[in-house]
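Take a look at this one chain, the form predicted alone, written out in structure tokens.
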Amino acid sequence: MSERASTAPTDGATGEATPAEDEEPPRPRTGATSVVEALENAGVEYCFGVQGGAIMPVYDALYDSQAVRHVTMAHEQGAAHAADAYGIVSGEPGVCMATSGPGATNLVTGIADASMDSDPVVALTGQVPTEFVGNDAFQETDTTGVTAPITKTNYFASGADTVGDDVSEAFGLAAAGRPGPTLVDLPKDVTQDETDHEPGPPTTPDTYQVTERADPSAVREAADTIEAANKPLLLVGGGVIKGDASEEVRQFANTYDVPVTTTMPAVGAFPEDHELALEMAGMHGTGYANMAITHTDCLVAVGCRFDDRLTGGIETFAPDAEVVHVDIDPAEISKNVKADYPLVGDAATVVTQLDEAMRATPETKKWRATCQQWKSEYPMDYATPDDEPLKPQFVVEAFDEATEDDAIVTTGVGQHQMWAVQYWQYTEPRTWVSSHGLGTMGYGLPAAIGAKVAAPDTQVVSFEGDGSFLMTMQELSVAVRENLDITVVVLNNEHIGMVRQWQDAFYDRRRMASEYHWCPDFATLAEGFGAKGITVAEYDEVADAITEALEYDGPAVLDCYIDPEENVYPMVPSGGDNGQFALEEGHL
């Protein structure tokens, strides 16, 4: 962000500034000034956006800010994803900005993504002047109407005296309770009008109430059930990371010797190298995690919304289990899976309540031995025949071995996403950054930018597929301009791989619109952007290529030509039984 230095002349004797005939008068305080002050009051250090006509007054006010740095993205969708990832990594709401009309609608995919994954994001959108609203003015869109279903709340700013407080409240709500995106729509006259009002710090409305502690009697009953269980299982959801409850969950599992599985958004909440870890469950989860869910008699789900990619068919999900469900959002309780013991409250607080209520340790030795046996029966391994192309799992594992334990992984969506979550060992929260509920292709690269801005001293590796990378690869120009030391790994199979896998399995191998043999040379394109481009096609090239990429001071792209026929397993068919997972196509 540019800083403006004073050029006023000084009195040689006193050193004090003296008036200059051409000195500019003080700039008036406007609604846009209040918007920027609200961001500063919230402690915002970075925002991501794209300039435009209706948002221009806010950008003009941002010019004078010494606290908030703006990162100009190549596309508004990229701005929303970068803000989303910034919020995941930092734990504070990310901020994105765009102008009216197409600028605002280009944010919608990223806002919807944040909504599905409960990520804290504040979106600021320009709008045509109030008097033109509803008249089909140039670049007008009903932004609040469009985004109402995908935000916790949104605001149409009605005046310069209140717009700063609107932004402060939007920021407070984005982070409060169950996090999520909020939006403030800013008519140009509102941001241009003068005001003397100074916005306050982030706040929430008096009517917004969050339950922190679960009902003590319900906690007591849940604890009794866990104590009596023979096969208890902790199911850790994304709410554990959002609620900074990883330590409480780890302590509970260790104290009572309860095996742990996670949903995909919760990867890293429990260390995957721990003896109690069963890793990720669900459609492409480990066989041993899905077997544990199928056979548990007491499922303790914390911060989990039981989406269909986790549960498969509801009637076959944890069929013999009494379900203890901890969630800060009462709307999630019994929405998809009936909770026998509903515990509404903050994840860290309620897990601590459960810990304090426990009077005995369940006998889990036999159950833990069974889980270990499943690990032996259904290992996450793969073959590397000399007569077949490079396997993607090998590339993922090689990168994991070459990077620090706290390295951050971002991904797009598709087969590469699954290999990245399956074959990288995650031990810390906020190191896995991906699109889960919405499944947004192209998420990986802009997310890597947001993650690196949030954690500049941490290694960031982004796994993309060729189809996913094509959707937002223009953001590589931002990484080059900002000199962000990120590594993008394109697992290139010249297909939309997951679609191709489903077509082969369920559509008689009729590969319609899934073959991408026309893909460009991504290493050459990377060089054109000013990044480092590296091509990898053989096993013996992988180690040197990884070293070259990681040692390069700036963005690097590895175009890895992988086996185009490789599929993601284990796999539970949509709506299927988690205990009947497929380990190869013949099992489907």
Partner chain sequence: MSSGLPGPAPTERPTPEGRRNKQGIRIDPEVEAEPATRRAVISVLVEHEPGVLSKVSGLFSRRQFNIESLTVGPTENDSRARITVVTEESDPGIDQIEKQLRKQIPVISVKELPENAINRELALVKVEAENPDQVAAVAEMYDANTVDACPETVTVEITGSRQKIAAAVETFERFGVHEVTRTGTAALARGSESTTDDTTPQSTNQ
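Not measured: the values here are computed from a predicted model. Numbering follows the first chain given and starts at 1.
One more form of this protein, predicted together with the partner chain, exists but is not displayed; see below.
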{"query": "Joint contact, R309, E363 and V542 to the partner chain in the predicted bound form, by non-hydrogen atom at 4.5 Å", "finding": "no"}
{"query": "G437 within 4.5 Å of the partner chain in the predicted bound form, heavy atoms", "finding": "no"}
{"query": "Close approach of E194 to the partner chain in the predicted bound form, 4.5 Å, heavy atom", "finding": "no"}
{"query": "is_contact(Q209, the partner chain) in the predicted bound form, heavy atom dist at most 4.5 Å", "finding": "yes"}
{"query": "4.5 angstroms heavy atom contact with the partner chain in the predicted bound form for D563", "finding": "yes"}
{"query": "Region of this chain that lies against the partner chain in the predicted bound form, out of 287-295, 459-467, 133-141, 257-265 [heavy atom, 4.5 Å]", "finding": "287-295"}
{"query": "Sole residue of H274, R368, R481, K335 within 4.5 Å of the partner chain in the predicted bound form, by heavy atom", "finding": "K335"}
{"query": "Contact residue in the predicted bound form, chosen from E401, D508, E356, D381 - any heavy atom within 4.5 Å of the partner chain", "finding": "D381"}
{"query": "In the predicted bound form: members of 302-334 within 4.5 Å of the partner chain, any heavy atom", "finding": "I314, E315, T316, F317, A318, P319, D320, A321, E322, V323, I328, D329, P330, A331, I333"}
